[in-house]
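One chain comes next, on its own, written out as structure tokens in the form predicted alone.
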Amino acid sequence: MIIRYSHGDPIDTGALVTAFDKHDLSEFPFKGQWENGGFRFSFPMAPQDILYGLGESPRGINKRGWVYESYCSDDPFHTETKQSLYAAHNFILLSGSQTFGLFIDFPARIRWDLGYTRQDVAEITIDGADFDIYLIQGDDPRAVIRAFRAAIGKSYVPPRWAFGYQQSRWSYHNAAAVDEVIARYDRAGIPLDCVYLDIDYMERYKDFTVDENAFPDFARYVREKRAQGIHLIPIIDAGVKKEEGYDVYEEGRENGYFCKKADGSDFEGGVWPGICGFPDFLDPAVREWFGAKYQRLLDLGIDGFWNDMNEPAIFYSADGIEAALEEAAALKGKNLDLSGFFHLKDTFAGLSNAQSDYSSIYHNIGGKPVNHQRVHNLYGASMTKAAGEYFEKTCGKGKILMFSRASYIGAHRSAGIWFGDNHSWWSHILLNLKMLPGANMCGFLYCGADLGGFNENATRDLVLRFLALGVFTPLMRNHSALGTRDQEGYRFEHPEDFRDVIQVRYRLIPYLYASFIKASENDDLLFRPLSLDYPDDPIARECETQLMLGDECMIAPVYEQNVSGRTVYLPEDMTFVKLSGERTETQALTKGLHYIKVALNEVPLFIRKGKTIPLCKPAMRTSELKWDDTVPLI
């Protein structure tokens, strides 16, 4: 049962597809109070209670003990100290002394104190007076999740080839660089389906353009790659470069499609191209206009995109940098003491994603100006919605690959997500694992992290262990940043180890795709905490390094450096499977703790008692797989 408690005049976020009758907030069962224009409420937690949810967020599967914020943030340092990342997924699920879910449909800031101030109390603060709170009740946690997922609508399903291995880097600057990637993967016998084009494929970072010097006759080039079985996936950023004669910018300015300031002039902020206009994606007319621009690349043969920088990320505003430069000029020639130096430093460090800039932006919603801070968490989701609406109208469902960095619940019907600019840290293997069930709970089934880590220099063993987890995530993409060590599989010694791991992915694709479709159709999870399947098992309830996959499997990646394996807990008798290339090794194990040895070129998997999964023969492309020619594993 779902009950909607409403207050004020909530903005229609598009998060739900099912309408529910309104109940007045005075009927809300949890104690609350108003302060500073916002609403704060709390509920008690028993020692055995677990809190799940919040989608893409830092820390563990169990969210207890920390403070989280729903506020889409461009922050590449995903440490335990952070409270928010790129998404706002306002769903939590309590399991233990009682079972219920809460979804707060509110597109501005929410603070979730989940046992941080008081370990036995969850206190949630909504920064505004116009919101809906949905209380979801059910017999067990999975029933609550299914009820919520049914209310928010079916998850996006990508084309089947999007389950193939994908290689990215900031940046493959020209056609020759892309050709080298494909050729060297092919020579190493490592399967590959996609190569990504980061910001440098564009003409001076202008959306929906291609640098003809770097990629001459791009349409022909895309056709050639498709003939090789390779899909090219270009990036699209939220900011539109301010440049006279650039038609996308000119149309946006002339039609009033860019976000405004209070005086009605266009808000201008700097990103990769310098000063940009920011399309007002919350306006349906702007979404229709911007979505249609993707056709330019579709016409060139492109069939996949990733939307980026859409929190929105703002390096500086035109007003902000002018003020900072004036401040610096005023300090010229002065003897800066400790406070003076740090004031100057903070003046420039604070330019990016400044709250004062966000507060100066206005959107057109229903013909009325609305301050950006009231709808901040909808911006990236609305950009994705613009593309998704256009693709569905012109191409049909499931034809185009689309995923985004920023997101809000509801965008899961149009696209997947990736977990942003992570690091080549061993801890981020586990962070990837821990985000998966929360993202699934919020409808985002097509998801994954930058395998090997985006920032910093990766080691060979880290990339292999990261890939061994990525074998199971729907989005399996290796991505790294400018200036970091190259981490394509063929770059390292013994590239055959990378071939062995990635071939396992291709053997599993028919099973993974079928499980994905089943989870989407049944409003279920692809990845689950062990506690949802074994609620009475105290070890399973606290396990945060293993996940259930589909109805048949459990995964337990190796996540530490310089180890030959790991300890794993089996909540029931299972078959331990090691997959490597076309090789399969099985061992029956009994319930309990086991130390398993896993070589760097092996992928561990555990099959539940009485279950089996299909495996096919690996191939270099998903298009070459014999989907119906599978053999059962054990």
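These numbers were taken from a predicted model, which means no experiment stands behind them. Start at 1 and count along the sequence shown; that's the residue number.
A second form of this protein, the form predicted together with a small molecule, is not displayed here; the remarks below concern that form.
Not one of A439, F516 and D523 is positioned with any heavy atom within 4.5 Å of the small molecule in the model of the complex. Contact annotation for I199: at least one heavy atom lies within 4.5 Å of the small molecule in the model of the complex. Taking the partner from the other structure, the small molecule in the model of the complex has no heavy atom within 4.5 Å of any heavy atom of W425. The small molecule in the model of the complex is approached by M309, whose closest heavy atom lies within 4.5 angstroms of it. Mapping the unseen interface onto this chain, D132 falls outside it, with no heavy atom inside 4.5 Å of the small molecule in the model of the complex. Screening 301 to 309, 329 to 337, 226 to 234, 534 to 542 for residues having heavy atoms within 4.5 Å of the small molecule in the model of the complex returns a single hit, 301 to 309.
Proximity to the small molecule in the model of the complex, defined as a heavy atom within 4.5 Å, singles out one entry of Y172, W418, W112, F267, which is W418. A heavy atom within 4.5 Å of the small molecule in the model of the complex is found for exactly one of Y116, F100, W272, Y221: W272.
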